[in-house]
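A single chain, nothing else alongside it, follows as structure tokens in the form predicted on its own.
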């Protein structure tokens, strides 16, 4: 029938309009920004850096291995590696990034940086209110702006964060057990140094009949 699609659309609109007066679930409009819909746990936008403890700089999990920088398709990650080491949040001496910038104006939210990171140091954020009047500097985030605590990671991705923590804890237990076993293993006995060989000088005996 001619106009059947239009009539179906009008009927759906009328149903939602009438239902919105009796059921909040039928509301088709959210009064943003006063009202916001909860984001699903799997939502992702741009990357952020995870840190442990209370000091963001010492607690960064990133050790500047630069794998994410090399694997990033749009090349929006810029990392400078330190020349020295400093203690992390547990006191272990580590290389650290002196510079870690992400240009979110060209980031395509592919999550490849997350997949290739061997230290669970970079994850995908769900923050989307990043508008700025500075189209260049305002969209280039440095390591301080990117750093967020592990508690924040648990807040936005609780299931994934719990799995990561469990895996890291298991790896730490194995590493501690290996170090303890190596320390308890008997050390091989020291091999005594070989004495220098004494070269005896040969003395020619006088021939018979020779005068002494």
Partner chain sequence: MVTTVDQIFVILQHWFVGYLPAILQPFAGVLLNVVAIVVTFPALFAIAVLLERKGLGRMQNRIGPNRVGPYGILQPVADGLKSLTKEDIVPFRADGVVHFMAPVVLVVVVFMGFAVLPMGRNMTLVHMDSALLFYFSMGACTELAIFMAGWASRNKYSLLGAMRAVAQMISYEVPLLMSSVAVVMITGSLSLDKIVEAQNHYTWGLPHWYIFTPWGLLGFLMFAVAATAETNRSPFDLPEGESELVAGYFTEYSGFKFAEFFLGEYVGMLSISGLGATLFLGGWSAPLEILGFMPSWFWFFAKIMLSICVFIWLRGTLPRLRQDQLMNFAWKFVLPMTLLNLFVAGLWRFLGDGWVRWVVCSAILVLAYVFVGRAEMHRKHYGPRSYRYAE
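Only a predicted model underlies this, so the values are computations on that prediction, with no experimental measurement involved. Numbering follows the first chain given and starts at 1.
Not pictured, yet referred to below: the form predicted in complex with its partner chain.
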Do residue 171 and its partner chain come within 4.5 Å of each other in the model of the complex, heavy atoms counted?
no
Using a 4.5 Å heavy atom cut-off, state whether residue 29 contacts its partner chain in the model of the complex.
yes
May I ask you to state whether residue 33 is within 4.5 Å of its partner chain in the model of the complex, using heavy atom distances?
yes
Its partner chain in the model of the complex: contacted by all of 126, 162 and 166, heavy atom 4.5 Å
no
Using a 4.5 Å cut-off on heavy atoms, what residues in 51 to 79 are near its partner chain in the model of the complex?
none
